[in-house]
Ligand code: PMP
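Only one chain is given next, in structure tokens, and it is the form predicted alone.
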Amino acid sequence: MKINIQEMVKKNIRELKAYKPEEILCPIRMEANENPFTINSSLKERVLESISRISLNRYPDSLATDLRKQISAKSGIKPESIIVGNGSDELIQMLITAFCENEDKVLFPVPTFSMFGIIAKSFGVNTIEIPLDSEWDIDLAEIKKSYEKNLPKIIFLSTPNNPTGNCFSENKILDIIEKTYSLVVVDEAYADFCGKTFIDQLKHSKNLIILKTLSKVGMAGLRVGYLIASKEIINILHKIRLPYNSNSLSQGAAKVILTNNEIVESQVQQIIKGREFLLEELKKLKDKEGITPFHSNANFILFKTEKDADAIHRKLTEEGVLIRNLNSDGPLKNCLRVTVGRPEENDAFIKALKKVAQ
């Protein structure tokens, strides 16, 4: 008897498109919003020494107790208001698992982080997408109108936003938090590069949830994200959190690196400096090469080209520089995104872009 696997798959999964990171091999990779700097040899030795003491035959600390204490010392939030996940993706999945049933709705502005929609749809949850305004900011009137009509369980807001790079207006975010009965998830994955956070708002708003990650500041390989919320929400999430979701090696390495936070901070400042360099250089390419960069508060810059973005992306890869191609119908037509690299990578990117955009 022949089995048709496709017919066995849930309809909402059949209709999904898988998230696919760039797999093109290039000497210079500036496509994934990673920290381009590795940790120095001294800190690396401390990390290796720490994880060498871990008994790999034993399960990890299920609650990531020591890591949460270290995050608490850095953020000023009590450990019981923190839950650690295998990256922010798992934490988004936890939220939808815990709070959304089939036919429930989640709302988010677009364009934004694609996993909000992908994870929601994989659970059969309806997504409501509200286009950003012409300044890449929240369209508050449209979100309010849609909220009143649809009453979404969760509203996702990413600030600074990926892929646009800008922070949403603080007053608009506060308005949404204070005037809705939805859970409002503020994804602060890139907040280290702008110094803005809504953590202080947690004591005033029971519906506020904040997502953080260590991926953008140099620990992408560890897959450590964390969520901050009221103890009530954290306790609910622990009910559906998979046992041992954070492995011992990641916990141990992240704890050591966070203990030496001055190194991370130094790299963040170097990235901000590189971002401003790239922004100024891209602005110089507007008249002759038809390049228009958008202001960024993150570790990447979105820019639009008057020429075919697919062709420019292909030619850049031929020059050995990989960036993210976001070209699609709508507001991201002919848009590309470049991650801030090391100084020599930033120089190489600008040189290659000048060549291929002529």
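Residue numbers here begin at 1 and follow the sequence given. All figures in this text were calculated on a predicted structure; none of them were measured in a lab.
One more form of this protein, predicted together with the named molecule, exists but is not displayed; see below.
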{"property": "Selected contact from 111, 252, 87, 218, since only one has a non-hydrogen atom within 4.5 angstroms of the named molecule in the predicted bound form", "result": "87"}
{"property": "The named molecule: the contacting residue among 264, 189, 100, 209 in the predicted bound form [heavy atom, 4.5 Å]", "result": "189"}
{"property": "4.5 Å heavy atom contact, residue 213 to the named molecule in the predicted bound form", "result": "yes"}
{"property": "4.5 Å heavy atom contact, residue 223 and the named molecule in the predicted bound form", "result": "yes"}
{"property": "Partner contact for residue 158 in the predicted bound form: the named molecule, 4.5 angstroms, heavy atom", "result": "yes"}
{"property": "is_contact(residue 162, the named molecule) in the predicted bound form, heavy atom dist at most 4.5 Å", "result": "yes"}
{"property": "Proximity to the named molecule in the predicted bound form (heavy atom, within 4.5 Å), stretch among 189 to 197, 265 to 273, 172 to 180, 145 to 153", "result": "189 to 197"}
